[in-house]
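Next up: just one chain, as structure tokens, the form predicted alone.
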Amino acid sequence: MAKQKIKYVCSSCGYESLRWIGKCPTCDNWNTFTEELIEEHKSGKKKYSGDTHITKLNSLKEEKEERIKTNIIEFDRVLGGGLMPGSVVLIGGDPGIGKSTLVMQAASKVDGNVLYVTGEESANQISLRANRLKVSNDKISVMTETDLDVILNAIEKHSPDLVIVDSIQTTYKPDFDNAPGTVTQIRECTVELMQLAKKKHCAIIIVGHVTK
């Protein structure tokens, strides 16, 4: 049976401590430690016994990837010419700075199917923003969900070209007892989204709030 243990993680730099500390010894920020639950399993980690696939570098054939253009010149320039299929891009910034507005405008100009996952706003709020920005695109689908398993299932089922997760702080994986927005939840959710992006060969934009 798994044994639960508590640790404290700095939300600013990720420093971990077994007890609460007022000031982080790594980044010197105050009151940034949050309580997280971790599980310690008594059973040892199983060794991988399957086959591994290794390829010589010289035998690989170069395949040109067509980037997904947002048709926002400066945005595409920052992305190196557009969104690369199979990649995960983080749009970070202070709350209210315009991250959701930017990704909505980008989604409206993408030539492909877009799945907009929102955990902070209702579908009506998304509709109001789209009308305000004069966004009208039949290829944009909206999903109000925070459960990562449900989100991953929707991506698997509908195979969109672009997925927008707004925001990663509200997304959670039910397997963990940690609250949404904690370092553990953000890390695990991001890893699974990245793995699925490579598997489905779609681009994923993650919106993240910088509060520290």
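These numbers come from a predicted model, not from an experiment. Numbers follow the displayed sequence, beginning with 1.
What comes next is about the form predicted together with a small molecule, which does not appear here.
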Interface stretch in the model of the complex with the small molecule - options 138-146, 107-115, 125-133, 75-83, non-hydrogen atom within 4.5 Å
125-133
Please check if residue 101 has a heavy atom lying within 4.5 Å of any heavy atom of the small molecule in the model of the complex.
yes
Please check if residue 97 has a heavy atom lying within 4.5 Å of any heavy atom of the small molecule in the model of the complex.
yes
